[in-house]
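Heads up, what comes next is one protein chain in two forms, each shown on its own as structure tokens, labelled structure 1 and structure 2.
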Structure 1
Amino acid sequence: MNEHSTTAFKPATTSADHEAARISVARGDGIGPEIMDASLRVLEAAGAKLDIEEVELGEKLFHAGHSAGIAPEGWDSLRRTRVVFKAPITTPQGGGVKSLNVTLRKSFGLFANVRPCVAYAPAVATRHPGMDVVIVRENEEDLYAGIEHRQTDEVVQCLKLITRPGCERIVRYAFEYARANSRRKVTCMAKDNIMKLTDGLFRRVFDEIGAEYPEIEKEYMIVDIGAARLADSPEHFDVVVTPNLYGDILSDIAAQITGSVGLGASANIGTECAMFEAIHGSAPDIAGQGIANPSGLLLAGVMMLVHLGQGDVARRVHNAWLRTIEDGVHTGDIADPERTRRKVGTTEFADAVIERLGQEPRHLPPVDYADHAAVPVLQAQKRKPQQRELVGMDVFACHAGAVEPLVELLKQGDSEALELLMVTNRGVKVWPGGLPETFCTDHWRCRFQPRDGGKVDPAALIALLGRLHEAGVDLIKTENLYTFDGEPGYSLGQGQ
């Protein structure tokens, strides 16, 4: 195996001012322009050295015919600066448009989504005053690959893609994040008891890589009980690493139980680019009213400053923000009679933070980014390819009705080399030996493998498809079955 390659990119700077970091700023939709204005005022007042390029993203461009919500000049800006500070955007409902966040994450390789979820008791009401959890979510793969097909009248599919390099990158990042931030434990959450190949790979990689960090405690949880424990006892967790979909859900749960999703910030990190944003949406119902909480975006700005190497400014902003909420200066979403001394709007909240620059909280723990170590981005190791052998094919067919007439047609595909071994419906075996109570749709998986259990000549599979077509089987897709170093690379399909 090769040694890991480490990337610690620096954002581009302007030729006129090498101290100022060039960033792209997207003001977004809904409440976006209001909270971005407030956040930038605080960063500027704190002494942030930023050379800003304004970039248009979101609803206006969707309606102008840009299906991803970004125009060519926007792509040019993001590629120039490689750092994006983005307010929430509105994605129009209906077909024909793509998620801008997903597009940006995939296009720029922003594989790691990092969401600190911290409780600020007693300043902000929460049932979990000791909570301090960081969710590290894989950002590019899983069901968010967005590869979907309608295959029959009754069945659609979404492909879940998990890669070893993708697992290695995100798991290593989680451990490196824990190491750089003096975190004690990394918990992996997935569902490998059901999805034994995809989530099973994620867990195996976690176990392999975790062994390289002996000073950090390792833990694995099935995601369903893990989510329940996170909601009930978040103090049990420190850093949580998880595939894409689970991470999306878990990070919103974690942010909400801190006291408000409105306080949540996130960083999207890649080898060449980074994007910083609040985790909440554009809230068009309160846009223009001056009441939105800018805290999530402002704290994303803090994460951005740390990333840019301006940790001293990040410290000033973060501590002033902590002092502000500790002093009971709250926007409406976190205001309550016991803790709030002054209820303010977006602009007034930013003013209050600016007034407290240079101060530290009196009760909440102050932050200090002076010695903050950059989290290295470690690439996946190159591995020797395993020996791959073709051992059969799953043929998917559309058939309305009972399984027996379908089997009669499928049997016409049998030959001296191949035979029908199994038919499943929605992953449950229905032939041979199926149960009459099993509910079936019009979507069937039909497994053909060699009679002698050996390898398959690809020509035999092509001939099989020809015989099935002649027999009148309505073929909708195929999946080749392979072994890797002798181990099956496919599920048995016996149901749960």
Structure 2
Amino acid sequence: MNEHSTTAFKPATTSADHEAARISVARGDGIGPEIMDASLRVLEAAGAKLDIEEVELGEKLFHAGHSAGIAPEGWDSLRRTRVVFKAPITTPQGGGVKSLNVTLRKSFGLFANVRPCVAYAPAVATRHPGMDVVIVRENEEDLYAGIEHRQTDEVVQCLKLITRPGCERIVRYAFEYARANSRRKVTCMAKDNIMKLTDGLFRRVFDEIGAEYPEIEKEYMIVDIGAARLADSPEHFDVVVTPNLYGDILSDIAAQITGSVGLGASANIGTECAMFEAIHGSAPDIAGQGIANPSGLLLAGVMMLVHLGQGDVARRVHNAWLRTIEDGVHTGDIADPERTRRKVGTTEFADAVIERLGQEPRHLPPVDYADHAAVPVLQAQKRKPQQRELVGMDVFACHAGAVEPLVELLKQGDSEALELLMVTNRGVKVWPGGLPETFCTDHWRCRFQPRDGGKVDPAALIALLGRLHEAGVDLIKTENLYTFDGEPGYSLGQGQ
């Protein structure tokens, strides 16, 4: 492990006399200011040492013409403190507006989204008592790179980018998180049976890195069955690590089935910065009424304190909060006649938590972060590049109609160096062979390789494109075919 460099936030020690940690606080929109006020009061009463810079993010700035809801002063503050405690913001509807969360995530390289999904039975009604799952979602890659193209009249595409360093960072973070939090198992979910290169890489990295954590149980599930099992028997799971899109969906399923989505918190972790927030939005429908539940944001504050190395304060806050909801002191959103003894507003709820600082829950399991180190954020390992050889090209063509006339044109591209070996439509091989029943759209992948295999000179590819253009093929894009240490770095066509 020592070949990995650790980038953390120089978290303070867990001793009683922390130095104050500098953080940026964004009070957000809607219920944001109310729940931030309540949360900060609890954190400070518990002894959190925070040196706060207020930062404006959200609606006002969108309206002032900042397309991502953040002004230059905001960026300055975030770059100075590198830790953001953020209340929800309202995203205006309509064009010209960018998601602030996506902007922050991408700008600061917040590669890990960590969402604990916990059921609080018997204090809060749930169909899954005992559920305690943490979803660790990769946050930067996958289909979220935002590289999309319309290529033909009928076909649009979105590029799914998965990188080895990206996989290594998130998978290692999941194992480090499990280790720091005494979790017993990490489950990886992906779909490598279909996406053998992209999701296959994610799974391979999981297997490789998992071997470095012998004390932690490893499990792999295809994401479809994994999602079904998560929804049905969440108690089976502990930490789940997954690429971006699956993680987006899984973390919402997991939060929902706890029975208390309004209590959910999340952390966005990067090598340089981190952001902590509730998972709910700005609830404009109840803003200003003093009835919002501050719990999601408060629990995000607990995650932040652990991250800052103030685990003892985090433990006091979290246990007092558990005791409060267990005592039946509830805001309206989780109130129910069977469990609620006192229905309260935002301020009284915070007061009730403050009154219980130093106490532990009696029925729910108490938490203990006192000995926790902040989860180290490790960089991907530097590795020797594999031997890459150019062995052909997939030429994508736009063509409306049957495959045979297209093949007539494509064959005019054949030369000594390269031959048309295969044509697929939506990944299904339609030439040579093919079934008349296969539905074909106007987007064809045409594979050119030397018939007897072997290396290709890049000039031969350029010459091929010239011949195809001359023949009248409507070229829309190309992908080079490479082998890496002799292994093909491209998918083969499906079909007979």
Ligand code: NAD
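Computed from a predicted model, the values in this text were never measured in an experiment. Throughout, residue numbering runs from 1 along the sequence of structure 1. Rigid core: the largest C-alpha set superposing within 1.5 Å between the two forms.
- One chain, two forms displayed separately, with the form predicted together with nicotinamide-adenine-dinucleotide (NAD) being the second of them, structure 2.
- After superposition on the rigid core, the Cα atom of Gly392 is displaced by less than 2 Å between structures 1 and 2.
- After superposition on the rigid core, the Cα atom of Ile31 is displaced by 2 Å or more between structures 1 and 2.
- Once both forms are fitted on their core, a CA shift of 2 Å or more is seen for Arg362 between structures 1 and 2.
- Core fit done between structures 1 and 2; CA of Asn319 shifted by 2.8 Å.
- Core-based alignment between structures 1 and 2 gives a C-alpha movement of 5.0 Å at Glu348.
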